[in-house]
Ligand SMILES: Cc1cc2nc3c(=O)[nH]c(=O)nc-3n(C[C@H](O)[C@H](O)[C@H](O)COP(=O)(O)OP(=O)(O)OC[C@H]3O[C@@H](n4cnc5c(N)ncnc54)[C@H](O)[C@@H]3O)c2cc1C
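Only one chain comes next, encoded as structure tokens, the form predicted on its own.
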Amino acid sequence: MRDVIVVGAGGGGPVVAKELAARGLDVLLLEAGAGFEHSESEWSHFENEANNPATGIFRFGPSDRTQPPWARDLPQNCFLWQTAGVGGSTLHYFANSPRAMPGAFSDYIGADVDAYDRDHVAPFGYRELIPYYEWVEQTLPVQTAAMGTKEERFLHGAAKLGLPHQTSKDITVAAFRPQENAILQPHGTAGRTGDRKKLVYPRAQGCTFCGHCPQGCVEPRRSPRNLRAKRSTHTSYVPMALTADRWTRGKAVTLVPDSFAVRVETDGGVVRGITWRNVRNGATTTEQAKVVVLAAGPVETPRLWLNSGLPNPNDQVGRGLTDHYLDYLVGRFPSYTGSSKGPTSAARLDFPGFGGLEQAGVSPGLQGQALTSSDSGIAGFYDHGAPVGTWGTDAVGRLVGERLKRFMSNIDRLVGVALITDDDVLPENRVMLSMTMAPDAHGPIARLVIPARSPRTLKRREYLAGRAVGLLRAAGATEVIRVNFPGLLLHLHSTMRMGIRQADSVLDSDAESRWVKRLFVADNSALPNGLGGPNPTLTTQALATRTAEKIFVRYFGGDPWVAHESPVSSVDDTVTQAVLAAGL
């Protein structure tokens, strides 16, 4: 019998696995997708090769890419961008790592308290999570982003709006700042040259400004896995977990990729283990554990719960999905912006009670996809969304023809702004089991339904759009396009919410299931709300660290460690030597 089985090796699962293994527990980590053991030979900068949702390396599907992706039932106009494989969606994320806004927590007493979804606050205080934030920020590590021309333009525009420069990680006033991100700072030749022959480790270290964050970071070339610039869990927590036996008290995690969990095993209201299916040969395996942690993501975790027939007495499993109702605005400038260079997003602007804006500079394929994905029709031909001229835009909708060619002719004269809305928890926005599409080899598939947005969410999104246009104009943009995205489902959370009240939550204040003992959740689905708008990964990882500590104390007789120990950074030399010795 294992001590702990963790289902899912994305943003949260490896955090729990590493922390518990480092304290001597026997941990099995299951991942439905690929292992990506030799990422430098497996990945490339080619955008379609990486991100094609049907055939790409970073799709939601089996590691055998000759096989079709796994299906989801999506009845509305939307695009669900998730990845299966070790590292999960941290493989293609931008590594933005802001803390949540304090207004999302139970102890908030600010003057703008009513601007937040106070019916679904975190069941503990923001101050309680700060040590866990600091632990993760040291481990990854999280640092102030390296910046270039596009960030300079963005921050200049924000300053001209009369907003202050934020110097604290705690978001309490509307302000601008560089991103806190999980990307190593450039050293040596990194960031100083575009000559690929000179961007090889150890001559180059950290971010090489290649501009290909969404394609999975392999920079700098020939670096040890744990010294890749972008700190996906594949390059940070997973190597630490796999080499935990080389530390005092530690025991190496057993990682099994290509293993799709199909059932949570229980007995008398207590979890007993997991049954999973080998996606290569179809064989099923059941293994017992004292504790099970679900970290398969906000879509697959509720699907697994429902397919396992676990209790759902308040009908909250899968309900309350939030997604930050994203939008995208692009400014075209008369001179160089370096939009395709460096970290994808290295500057941000936060508006407590509304959400935030972040600079987004993507490579050509993703820029083209963004400019042609709209809920408002074709700009200048037919419009059924916000009218042209709203907030001072030159167009609303997707671009075609000469206008698209003009924007795409030189993407290094663009500045993109991602709009991230703090959306309310609505029970009708949910993940359920599909009754219209056939089950796959792992059971009934997930149906993701978003039929409504609250009036407050819509008001926040429009407010942020106006501020984004003002920022781009102040920065010098001569033309501004608002794409008006349909549902772009990147920041999914809250489908297995922790909460104060049993009536409208699935998890208690320690992220343990209210109805199945020894069963915990440690992915974005555990988040109680939209966090005020900031990107969710850092908060999920801080919460996963806290959950690991609660498990260790409650069920294995251990002592808390976050307040009493110093974290080990995943880039420390001792970790690097262990990674090299293990051949990772």
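Sequential numbering from 1, following the sequence displayed. This structure is a prediction, so every number in the text was calculated from the model and none was measured.
As for the form predicted together with the named molecule, it is not shown, yet the points below apply to it.
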- Item | the named molecule in the predicted complex reached by all of 212, 217 and 418, non-hydrogen atom within 4.5 Å | no
- Should residue 261 be classed as touching the named molecule in the predicted complex when contacts are defined as heavy atoms within 4.5 Å? yes
- Given that the partner is absent here, does residue 60 sit within 4.5 Å of the named molecule in the predicted complex, heavy atoms only? yes
- Task: Considering only heavy atoms, tell me if residue 535 and the named molecule come within 4.5 Å of each other in the predicted complex.
- Result: yes
- Does residue 89 reach the named molecule in the predicted complex if we count a contact as any heavy atom within 4.5 Å? yes
- Query: Which among 292-300, 217-225, 424-432, 479-487 is in contact with the named molecule in the predicted complex, heavy atoms within 4.5 angstroms?
  - Reply: 292-300
- Task: Identify, from the list 94, 133, 176, 116, the residue with a heavy atom within 4.5 Å of the named molecule in the predicted complex.
- Result: 94
- Of the options 316, 83, 205, 374, which one has a non-hydrogen atom that comes within 4.5 Å of the named molecule in the predicted complex? 83
- Determine the residues of 18-54 with a heavy atom within 4.5 Å of the named molecule in the predicted complex and present them in sequence order; the list may be empty. 30, 31, 32, 33
